[in-house]
Structure formats: structure tokens, C-alpha cells
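Only one chain is included here, represented as C-alpha cells and corresponding to the form predicted on its own.
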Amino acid sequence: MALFDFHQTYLNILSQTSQKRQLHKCTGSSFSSNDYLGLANSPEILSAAQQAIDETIPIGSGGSRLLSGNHPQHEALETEAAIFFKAQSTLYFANGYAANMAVLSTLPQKGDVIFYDNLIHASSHDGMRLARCKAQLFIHNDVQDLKAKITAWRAKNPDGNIWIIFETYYSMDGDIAPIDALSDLASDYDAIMVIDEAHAFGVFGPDGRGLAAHLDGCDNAIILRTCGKALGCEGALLCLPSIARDFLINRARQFIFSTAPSPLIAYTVRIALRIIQTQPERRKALIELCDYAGKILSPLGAITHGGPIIPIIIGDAKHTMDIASALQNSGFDVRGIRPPTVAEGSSRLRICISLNIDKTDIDALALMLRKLL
């Protein structure tokens, strides 16, 4: 048996089922970026990065936060973010994937239980695989299904913490969770919520603080905000009770054994936080553009919930990727999403609206979609 025979066979199967992935350059009108507010390449962020360099803020941290890598920029970011989000404390991670894994593999303990929405991100699934307790899914956005499962579990398990995992704004469907109903249920059962605001932060809520902003500071809420989407930077901020922060610093392997994020990037995140507070016109312009896109694309089968993520369900994986390829060849950076990222039979075009495009780009995309669909 030759080296990597298994891997080659697996890749061949992926090719035959139109599931083999490849890296593609981003060209043409951007309809795949999560840079919702157009900050990633903005003069303000570029200027902030240059200022950081001029002030000799280092690019590399030189070690983990617990060794040599804890920089004043990390601490300044966490202090400012806690004030901005009205949180007890915050903890900065290199990315949202590591943050989600750290929370779910570290905080729930033996005898606890995790209930998770069946459309949560892969990082949460990977965190739960390392968790010390069992996990059960509940039907997407179905509070009654969750309540029934919590009630049944608690009847047999009088002790142990209940953890509820959900996103506020889902990255593939663009729909919004019943946040208040889930929060009320968590209060009724003394449950702890782990809330992923990755795609809502910067877009929705007061000062762009997200759809769950009113839950910041609660003893039973841990809220993730990524910095690589609407903020246009990199990393992730966990907003959480101080005791949970201290426990993660002491026990989360993803934090302890990882080189600390770049101090220079931490500085640019601080600037980005200030921008979303002082430039509400960016969010206003984005929502107006999302509303326009919804009106133009809905007749073509697009599903819209008033936010920047607008899917068009095609169904077949090969057909989806063929359409995506045709769009890319025509100057539209639209990506196809297929299993295992989404369920079988629900392959889709995932259209993302950001301030990197305008109404003219949306009109042109609609015209091309009419031809292809």
C-alpha cells in the first residue's frame, strides 16, 4: 500500500460527489466577504496599523499570554471591550474557532449537559467533542423542543449545570435565533448560555454590539464576538463572567498553549471598536443595502431576514458549484456552499452583502442570476 492511498481515495470520492474543495482568489465584485462594514481595507484601519508600527508596537507576541506574550495592547483591548460591551470581563483569543473550542472543552464539567442548536458552527461541535459531559442537539430555533429535552434531563439529573449553545444570526441561513425566549428558558432552569454573535456583532444592536447586547453582564451568559468579520481585523473576544475568564486562563488549553495574538492586531481591534461606535452611518448604509438586495434577489429564490447573509438554495451540489463558477467567471465573487457544511440536498449560493459593493453591483448580479437560474 502506497503512502497516502487512503487520502487519495477520499479526495477522489469528494471529486466525484462535487464536494472537493480548492482555494480560489477573490476577484470581481465581492459577494462572499464577511467584511460587512468595509473596514478591512479602510483608510482608518490601515492608518491605525501604520500608527501602531510607528509606535513600535510589535507584530509578534513572542510567546503565550502566560509566559512572555502578554502585551499591554492585549490588556488595553480587553479593558476597553469590557466597558464597550458592558461585560464583567473579556478575554481575547486568536480567532473565534479557538475561543468556541476553549469554552466548550473547558467550562462544562462531568455531570453537566450541553444542549446545542443543530445549526451551530463547526468550532462548537469540535469543542463539544472534547467536553467532559454529554451533548444533545435541539431542533433549530425550536424553544419548545429545547424545553422538553431540558425538562426530561433535569428529571433524571437533579445536579449538574445545563449549558445552552446557540448563535444569534446564523451564518448559512441568515436567520435570527429567538434570543429572549432562549434567555427566559435559561433563567427558568438556571442554565448557562454560550452565545455566538460572530455574524451579528457590528451589524445589529446598539452601537453594533450585537443581537444579544442586552445579555452582557449577566452571570449566566458567555458571548463570543469575532473581530475578523464586521470589525475587519482578526481575533475574537469572549464577554463573560470574571470567574469564567479566570478559569479559562488557568485551564483552557487553546489559551494556555497558544502563542498570543499579535499586539499590533490587538491595537487595530481597539480602533475598529471605536469606529463602529462613532460611525453608525456604516451600519445604517449596510442595512439599507441589505434591504435593497433582499427586494432585488427575493424573486430569484433568495431567502432574506434583513441581514447581510442571503442564501439561494439550489439543492444539488454539482449544479450549485457550476452556477457559482459561472458567476465567478462573469466577475461576481459568489461562493457555493455544499455538504458537509450544509445538509444534503440544501447546497446553496451564499450571497454576502457588505459595504464593499453597491446597488449597481447588486443589479448586475441579479441580471446574471436570472440567466443562470
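Numbers follow the displayed sequence, beginning with 1. For clarity, every value in this text was computed on a predicted model and none was experimentally measured.
What comes next is about the form predicted in complex with a small molecule, which is not displayed.
Comment: 196 to 204 is the region of 110 to 118, 196 to 204, 285 to 293, 125 to 133 lying near the small molecule in the predicted bound form, near meaning a non-hydrogen atom within 4.5 Å. At the 4.5 Å threshold, heavy atoms of Asn95 reach the small molecule in the predicted bound form.
For the chain shown alone, Ser171 is a contact residue for the small molecule in the predicted bound form, at least one non-hydrogen atom being within 4.5 angstroms. Heavy atoms of Pro261 never reach within 4.5 Å of the small molecule in the predicted bound form, leaving it off the interface.
The small molecule is not drawn, but in the predicted bound form it has no heavy atom within 4.5 Å of Thr268.
In terms of contact with the small molecule in the predicted bound form, the residue from Ala177, Leu215, Ala102, Leu224 that brings a heavy atom within 4.5 Å is Leu224.
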